[in-house]
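Listed next as structure tokens is one chain, alone, in the form predicted on its own.
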């Protein structure tokens, strides 16, 4: 049975998506998961969420998709040992060295390779499987034949069905850090970077600002927008189910719990409807509901982006 995976940007959101019908939730420990601290969880919050999720009979994953320094690897392993004692079900990792270290330290812990690993071919899939990865979060740009290749490699496939694209590869962009980067060490010794999501901070979303393109003879274009758009796979969900995709994932830790609850309810009902009658499934009636969710999502994203752009030039 396919799994519906939802975001948990706060304890309130975790409860909301559980009530809405998610099969699993992913959360980020503060400073380790490419989000602003407001949408990550402190250790005690994470512990409470693990208990809550398991009370629903569902699963919780911890996203550690940043690129730590060498001295931070022991901190990561210590944190994971604590999280395992609270019953986390899997960990999402991006850094190859972290995947190797975590698998050696906790060989029974399921490791999912983040979309930030940017796998694009069968050799990538085989390599990560040898490292101990059990499931791959596929890049939004991967064609259907590559998703099939991941399955043939013996890995689970996780597909983003409600997300944002990026004009570059996720985890490989340093644009934000050129504009502004400050950092501080927390009590445990983890370095938190403001302006570098790759290193445990947040992105200022400079790619979403309007750009002027200059050349030797002056300005060639004004207000150019780079491609970074909303991404919805509503009508492709039946094909995902037919392909045997393991997980359908909703992004959105930075949105309101109510909005993510509405998104989860939509996809839960859509998936159940499709599974019940795959031959007669019609996506058209679902689009009206999706349009309202998209409208609210765009409003919240635009507001958050404006805040971050103001911070970047402050």
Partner chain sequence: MGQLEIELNTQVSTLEEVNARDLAPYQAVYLGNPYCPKHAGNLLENHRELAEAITRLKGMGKKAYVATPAAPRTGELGGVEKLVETAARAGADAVEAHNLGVVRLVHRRFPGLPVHTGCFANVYTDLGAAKLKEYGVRRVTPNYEVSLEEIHLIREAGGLEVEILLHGKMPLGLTNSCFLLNFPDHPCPQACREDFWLTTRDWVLKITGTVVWSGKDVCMLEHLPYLLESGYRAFRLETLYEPPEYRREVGLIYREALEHMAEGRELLWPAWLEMLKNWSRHGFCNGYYFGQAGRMYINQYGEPVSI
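Heads up, when I say rigid core I mean the largest set of C-alphas that superpose within 1.5 Å between the two forms. Just so you know, these numbers come straight off a predicted model, no measurement behind them. Positions refer to the first chain, counted from 1.
Same protein, other form: the form predicted in complex with the partner chain, not shown, and the subject of what follows.
- Partner proximity in the model of the complex, defined as non-hydrogen atoms within 4.5 angstroms of the partner chain, places exactly one of 80 to 88, 156 to 164, 174 to 182, 231 to 239 at the interface: 174 to 182.
- The listed set 109, 243, 105, 226 contains one residue whose heavy atoms approach the partner chain in the model of the complex to within 4.5 Å, identified as 226.
- Although the partner is absent from the chain shown here, 71, 121 and 213 each have a heavy atom within 4.5 Å of the partner chain in the model of the complex.
- Proximity of residue 309 to the partner chain in the model of the complex falls within the 4.5 Å heavy atom cutoff.
- Using a 4.5 Å cutoff between non-hydrogen atoms, residue 75 does not count as a contact of the partner chain in the model of the complex.
- Taking the partner from the other structure, the partner chain in the model of the complex has no heavy atom within 4.5 Å of any heavy atom of residue 151.
- Among heavy atoms of residue 199, some come within 4.5 Å of the partner chain in the model of the complex.
- Looking at 217 to 256, the residues that come within 4.5 Å of the partner chain in the model of the complex, counting any heavy atom, are 217, 220, 221, 224, 226.
- In a rigid-core overlay of the protein, residue 230 has its C-alpha displaced by under 2 Å between this form and the one not shown.
- Superposition of the core reveals a Cα shift of 2 Å or more for residue 214 between this form and the one not shown.
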